[in-house]
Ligand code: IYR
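Below you will find one chain, with nothing else, as structure tokens; this is the form predicted on its own, and questions on how it binds or moves follow later.
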């Protein structure tokens, strides 16, 4: 068995309750300003901003601390075009199927269509992969635990970090994403989880007029 190594919790700082309330309120107000956008500017974003947001995402908790995620960050226009072409082919097939008409109708108020120009326009695409398993140094296959939960938490923290830094993002999940393994040369133990489109909104960006559920609708205190 692996040796158990623990260390004192030295970085935690207990705050006065008034300060905690202020921080919680301000953070809620900041996150209420976050919007998913589909209209991106091609204005460059400094790589160091993306790097620090990824570092923040990597602090997420994960099953057995296995950190089963890979973030493949794409700025090369030729690669972004490949991703767009592959994604739009899948989208056209998806939108044309009779079985998905209800799904498409449910998405209509969000303005989704088969064309995905943001995949080329935005300065950064972050392809997020779930590592289903890994191999040890001696070649032994090692299972990962709570992969979807772990990667989902890290992705949420990444989206939050990008918003906090002043950027906008779009969570994009085509119905089939295995084309990303080929385009980005990812191994078979990695499963595409999401494409996160990142940048600045275009000057004429529009977002759907939607509301979030109230606290009473989502939570129950017992």
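Since the model is a prediction, treat every value here as computed from it, not as a measurement. Residue numbers count along the first chain shown, from 1.
The same protein also exists as the form predicted in complex with the named molecule; that form is not shown, yet it is the one meant from here on.
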Heavy atoms within 4.5 Å of the named molecule in the predicted bound form: does residue 172 have any?
yes
Closest heavy atom of residue 145 to the named molecule in the predicted bound form, within 4.5 Å or not?
no
Going by a heavy atom distance of 4.5 Å, is residue 133 a contact of the named molecule in the predicted bound form?
no
Is there a heavy atom of residue 80 lying 4.5 Å or less from a heavy atom of the named molecule in the predicted bound form?
no
Within 4.5 Å of the named molecule in the predicted bound form, do 95, 113 and 116 each have at least one heavy atom?
yes
If contact means any heavy atom within 4.5 Å, which of 103-111, 124-132, 70-78, 146-154 contacts the named molecule in the predicted bound form?
103-111
Mind listing which residues of 26-58 have a heavy atom within 4.5 Å of the named molecule in the predicted bound form?
38
